[in-house]
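Coming up is one lone chain in structure tokens, specifically the form predicted on its own.
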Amino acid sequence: MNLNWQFIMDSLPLYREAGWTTLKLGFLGILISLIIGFVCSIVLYFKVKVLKSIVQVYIELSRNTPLLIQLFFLYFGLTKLGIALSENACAIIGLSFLGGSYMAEAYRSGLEAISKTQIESGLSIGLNKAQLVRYVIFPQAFSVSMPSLGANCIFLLKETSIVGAISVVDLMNITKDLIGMYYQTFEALFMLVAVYVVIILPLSLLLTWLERKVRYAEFGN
């Protein structure tokens, strides 16, 4: 099969714009979810009263409902309550809501990997709790959590393919429209795959490099 290169060149500006939209939504969703996950993991690790139960409910709700349903609730359901959000705002909130729970579990696994022996050793040499958290617990927990955090970042970036369901002009939405108008299915899908590779591959390489740097800084190998 010969590719219709003229169609690909003509549609390239549309994919470029949709790619930037996808990248911006994914970046904001990842950034906010990292913050949410970190706060939730701290609440769970230190067993903060009241907040612990709220965080547990949030994690279970987020992890056990599809992103598509969450997006529909934000975009269509909230209007019944008089709350109207833009498509992009709903996409960012949905990605952050979903990603926050996965990030929390990744952080928590790192925190729980710290042995009590190291904590007791830190206390025995005169570190207070704040110093113990800063110099002993967090650096090691982050290092252990790094692979899971990286995988979650890539997962969330790929999940942006769903936000087109609420009329966000993303890569999937553009592809669907072009196929419907011009019937150039193979070319449109080829462009979709190519742009996602261009977006995700550098992120994957960056996260792999960052993981190695963090582990080298922590363990020296």
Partner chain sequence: MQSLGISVLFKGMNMQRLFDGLLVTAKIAFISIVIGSFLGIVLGVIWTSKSKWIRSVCRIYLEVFRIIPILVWLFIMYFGVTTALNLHVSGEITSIIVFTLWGAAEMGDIVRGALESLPKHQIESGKAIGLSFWGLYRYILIPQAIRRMLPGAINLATRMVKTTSLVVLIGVIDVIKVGQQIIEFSRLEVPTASFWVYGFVFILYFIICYPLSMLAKRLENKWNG
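Being a predicted model, the structure only gives us computed values, none of them experimental. Numbering follows the first chain given and starts at 1.
The same protein also exists as the form predicted together with its partner chain; that form is not shown, yet it is the one meant from here on.
Visitor: Has each of Leu68, Thr185 and Val193 got a heavy atom lying within 4.5 angstroms of its partner chain in the predicted complex?
Guide: Every residue of the candidate spot has a heavy atom within 4.5 Å of its partner chain in the predicted complex.
Visitor: Quick one: does Ala130 come within 4.5 Å of its partner chain in the predicted complex, counting heavy atoms only?
Guide: Close contact is absent here: in the predicted complex, Ala130 is far from its partner chain, nothing within 4.5 Å, heavy atoms only.
Visitor: Hey, in the predicted complex, does Ser161 get a heavy atom within 4.5 angstroms of its partner chain?
Guide: Yes, Ser161 is a contact residue.
Visitor: Using 4.5 Å between non-hydrogen atoms, is Met172 touching its partner chain in the predicted complex?
Guide: Output for Met172 is yes: heavy atoms within 4.5 Å of its partner chain.
Visitor: Can you work out whether Ile200 and its partner chain are in contact in the predicted complex, taking contact to mean some heavy atom pair no more than 4.5 Å apart?
Guide: Yes, contact at 4.5 Å.
Visitor: Only one of Ala89, Leu78, Ala113, Ile119 gets a heavy atom within 4.5 Å of its partner chain in the predicted complex. Which one?
Guide: Here the answer is residue option Leu78.
Visitor: Heavy atom within 4.5 Å of its partner chain in the predicted complex: which of Ala165, Ile54, Leu31, Val48 fits that? Just give me the one.
Guide: So the residue touching its partner chain in the predicted complex, by this definition, is Ala165.
Visitor: For the heavy atom contacts within 4.5 Å of its partner chain in the predicted complex, list the residues of 96-113 involved, in sequence order.
Guide: Residue within 4.5 Å: Tyr102 only.
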